[in-house]
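Only one chain is given next, in structure tokens, and it is the form predicted alone.
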Amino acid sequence: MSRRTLNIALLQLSFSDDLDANQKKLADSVAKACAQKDKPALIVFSELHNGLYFCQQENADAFTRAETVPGPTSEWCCALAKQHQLVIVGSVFEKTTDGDYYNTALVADSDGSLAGRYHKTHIPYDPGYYEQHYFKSSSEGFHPIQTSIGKLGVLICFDQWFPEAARAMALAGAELLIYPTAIGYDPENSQAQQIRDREAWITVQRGHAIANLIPVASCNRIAYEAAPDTSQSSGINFWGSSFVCGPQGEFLAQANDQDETIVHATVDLSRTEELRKVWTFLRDRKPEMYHK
């Protein structure tokens, strides 16, 4: 049997509030990733990479960051994807013509077209993560985005805590789950609690891989970002730890929680079909028994 493999790169980077500098940093990192022997066919950026994570506070001025899709960021992602002939998963604060605002993942295909977008479904409202102030929750459901490299199950950050989202994507035919992310340590928590938080984040996503027998790629930002208003947040130390795991949760590559880096991995997409013949989790579901 011929194997169907996919080379992936995750860009674990820090960001400033300088849009041009951030995009240059991302573009340079894409070029660096593509210079490797195993050039990636898919590159994933972290959540809201155009600037600092502004959701640490509620501030009406932050709505000026929002833009339409198609718009400057989607067009930039598509041009970069076409230049390097690969698929890019990016992120943007989107405003729609009917006045709604979304936390949006963009999927730019290798020919420079916009293959699709996903609006974040699960929106947190926690200390330091006041996203419900800015973003509307999607009601569109979970639909993989067809690209030149396959069907991508794109979700965003807080979605990664919900097994239902991963399962819905898998049942809809996603071949890979992708999570652009912005999550980190609360400086006020003890070191022990910080470790538990990070390990829980890793473990739940590995569980999605195992339960659905599907690879997972999670790309987080890195570095400390101070809170503009210390009455609303103590700042966030984004813990990086970006990783790719296979369909049984096995680590294929993982970054640490300290450094900017490019995470390279090769995923064998053929394993999902092979494993599902043995581990019949999807076949043996009993949806008629699952009630609130």
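Worth saying up front: this structure is predicted, and the values here are computed from it rather than measured. The first residue of the shown sequence is 1; numbering continues from there.
Absent from the display: the form predicted in complex with a further copy of the same chain. The rest refers to it.
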Just one of 96, 146, 193, 113 has a heavy atom within 4.5 angstroms of a further copy of the same chain in the predicted complex, so which one? 193
Would you please decide whether residue 250 lies within 4.5 angstroms of a further copy of the same chain in the predicted complex, comparing each non-hydrogen atom pair? yes
Considering non-hydrogen atoms and a 4.5 Å limit, does a further copy of the same chain approach residue 100 in the predicted complex? no
Check residue 164 for me: does it contact a further copy of the same chain in the predicted complex (non-hydrogen atoms, 4.5 angstroms)? yes
Please check if residue 207 has a heavy atom lying within 4.5 Å of any heavy atom of a further copy of the same chain in the predicted complex. yes
a further copy of the same chain in the predicted complex: contacting segment from 105-113, 86-94, 118-126, 146-154, heavy atom within 4.5 Å: 118-126
Heavy atom distance at most 4.5 Å to a further copy of the same chain in the predicted complex, all of 76, 220 and 270: no
Taking a further copy of the same chain in the predicted complex and a 4.5 Å non-hydrogen atom cutoff, the residues of 267-283 making contact are 271, 275, 278, 279, 280, 281, 283
